[in-house]
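What follows is one chain in structure tokens, specifically the form predicted alone.
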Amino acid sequence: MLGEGILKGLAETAKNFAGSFVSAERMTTVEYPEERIAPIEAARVFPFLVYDGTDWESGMRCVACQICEKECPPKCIYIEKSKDKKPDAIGKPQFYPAKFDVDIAVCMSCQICVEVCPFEAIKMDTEFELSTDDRFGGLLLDREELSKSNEYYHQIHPTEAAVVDARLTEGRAKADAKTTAAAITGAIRGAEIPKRPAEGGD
């Protein structure tokens, strides 16, 4: 029938409108900013950098591989790789970002940077109250402003963070086992095996 889809849409709107007066679940209007609703766990706004421990600089997971910078559709991420290296969480020397900027005026919250990061170093925040009267500098976040602890990550995305921590723990265990195995193999190879004396010598 001509116009059937429109009638169905209007019926659904009327049902929701009427239901909002009698159902608490349908009363979604919030008197913001006096009232606030906690964001759902799957919410995503702008990216932030995860660090382990208490010091953001030494605990940063990012190794400046620049994959997120290359894959970012609006090109809002800018990274400069360090000239030197520092130990990561498992003690392996790694590069780190000497500069890591995100222009949130350009970012479209697509989460591609999160999906391509092999080190679980960049995640999506739920903080949306970022208004500023500084049109340029205020919307360009540097690595210190972007850095947030793993504990904060657990607070806003507990399910996802638990999965990530389990994956990282497993990876570290495998790396430790590999290092131990290599050390044992090296010790065995380096050990001198005494030769048996020749039988029936002169």
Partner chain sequence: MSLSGLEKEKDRPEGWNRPRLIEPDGEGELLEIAMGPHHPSTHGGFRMDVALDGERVIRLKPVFGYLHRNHEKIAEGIGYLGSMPYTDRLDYICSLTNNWAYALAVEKLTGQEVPERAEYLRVILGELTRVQNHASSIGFLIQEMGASGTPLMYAFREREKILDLFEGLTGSRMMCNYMRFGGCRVDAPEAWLTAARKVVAGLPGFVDEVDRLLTGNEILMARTQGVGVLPPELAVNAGVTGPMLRASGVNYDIRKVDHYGIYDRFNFRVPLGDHWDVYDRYMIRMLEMRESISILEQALKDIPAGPVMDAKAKIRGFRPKPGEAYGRIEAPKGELGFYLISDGGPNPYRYRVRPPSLINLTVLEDMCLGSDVADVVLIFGSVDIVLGEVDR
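Computed from a prediction, not measured in an experiment: that's the story for all the values here. Residue numbers count along the first chain shown, from 1.
There is another form of the same protein, the form predicted together with the partner chain; it is not shown, and what comes next is about it.
Every residue in the set G9, I40 and C110 has a non-hydrogen atom no more than 4.5 Å from the partner chain in the predicted bound form. In the predicted bound form, D88 stays away from the partner chain, with no heavy atom inside 4.5 Å. When contacts are judged by a 4.5 Å heavy atom cut-off, K178 does not count as touching the partner chain in the predicted bound form.
Though the partner is left out of this view, I67 does reach within 4.5 Å of the partner chain in the predicted bound form, counting heavy atoms only.
The shortest heavy atom separation between T185 and the partner chain in the predicted bound form exceeds 4.5 Å. Of the candidate stretches 166 to 174, 148 to 156, 54 to 62, 41 to 49, only 41 to 49 has residues whose heavy atoms lie within 4.5 Å of the partner chain in the predicted bound form. Taking the partner chain as positioned in the predicted bound form, the residues of 57 to 75 that bring a heavy atom within 4.5 Å of it are, in sequence order, I67, E71, P73, P74, K75.
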